[in-house]
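In the block that follows, a single chain appears as structure tokens, in the form predicted on its own.
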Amino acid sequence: MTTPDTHLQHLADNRARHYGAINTPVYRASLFGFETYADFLAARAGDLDAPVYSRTRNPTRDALEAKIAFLEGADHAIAFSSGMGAISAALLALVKAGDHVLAAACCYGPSRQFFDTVLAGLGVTVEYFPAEASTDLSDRLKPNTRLIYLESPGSLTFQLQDIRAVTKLARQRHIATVIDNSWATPLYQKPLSMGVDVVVHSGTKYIAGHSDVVVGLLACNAAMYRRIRPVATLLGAGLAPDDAYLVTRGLRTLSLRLARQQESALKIARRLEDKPEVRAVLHPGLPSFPQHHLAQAQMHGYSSLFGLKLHPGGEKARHAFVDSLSLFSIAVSWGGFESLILPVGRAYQDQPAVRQTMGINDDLFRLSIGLEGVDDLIADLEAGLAAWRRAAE
């Protein structure tokens, strides 16, 4: 039997159509011509398997979308020019004025901003719930609740939601569900198999994997696709063919990269747990993580993004810790080949209730473990902790 890895390497490449090219070529074409009027009409009607205009369809993007749909176990996938392109298209297609939305409080900051500005401006009411409430959201549902938005694990404090509990309730009430699956990737979490309707990704992270492209991805069943695809086309945020090529190239090594990064991250997380300067390590793969058993029940593996809480040491110590690191770049995003650190302590400074719900404090840092030698990364972090000790008040 062909394994998923083997299938993924070759799915939708259609080499006969592309003169034997091993990789689907980059179709730098804004439009596509036809030999006959009849062919043109057939293509416009969808009866001819041919692109017409690259905003709606491009052969390079087609190959990527087919691979993502395969990975997620979906009928269809759509590739966007950013993760927020995927998220906003799904939300705009599924809710309207007068609707009520429940959203996980730990969701990505720009997603929350979209809820609080764009959707609120359109007359949609959004209510946030803490991750631990996801086991039973029935008391939070309203007659006009139309969508529940999940992000599990969240990308700042890694809180999980009980996906099966949420989708069971949502299906009983005919409520749509959307989940951001960027942290676990389609390899380590299969939300559609647990009843979720729409999966979105920042494919910029692990899927592309090389910190050279920004991409959003969406996967869903046929019924949801019929609702979302027209909105996505009108919004005009389709992924460019050059970028689609880069993402497909990165996707081919996803399982290899993620296995290595998972192994390194868990080794580093376990080592950090034993350090006296460390108050807590927030990694769903650690037995000490409060929702570890839920992580085991929902996921098939772990990625390399996790949180580190130091003991209070003052601003000078925080700066000393970060500035002494030589292998970790200070940067946003994650999931590439390189290791990163993000000081999270200033997040939501003007929203103390959000900080409390998510467990954010001044001494929280986020680590993205890349493909460097794991022992080198450990030595770098130990040097950072030594600098923290010297500077701590």
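Nothing here was measured: the structure is a model prediction, and the numbers come from that model. Start at 1 with the first residue shown and count on from there.
Only in words, not in the display: the form predicted in complex with a small molecule, which the text now covers.
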Review point. Contact between S82 and the small molecule in the predicted bound form at 4.5 Å, heavy atoms?
Key: yes
Practice item. Evaluate H76 for contact with the small molecule in the predicted bound form, applying a 4.5 angstroms cut-off between non-hydrogen atoms, and reply yes or no. Key: no
Point to revise | Contact test in the predicted bound form: V215 vs the small molecule, heavy atoms, 4.5 Å | key: yes
Practice item. Using a 4.5 Å heavy atom cut-off, state whether D180 contacts the small molecule in the predicted bound form. Key: yes
Study note, to complete from the structure: Exactly one listed stretch (292 to 300, 148 to 156, 262 to 270, 122 to 130) reaches within 4.5 angstroms of the small molecule in the predicted bound form by non-hydrogen atoms, and it is 148 to 156
Check your understanding: Among the candidate residues T204, S304, Q189, T248, which is the single one with a non-hydrogen atom no more than 4.5 Å from the small molecule in the predicted bound form?
Key -> T204
Check your understanding: Pick from I87, V166, L71, L102: which has a non-hydrogen atom within 4.5 Å of the small molecule in the predicted bound form?
Key -> I87
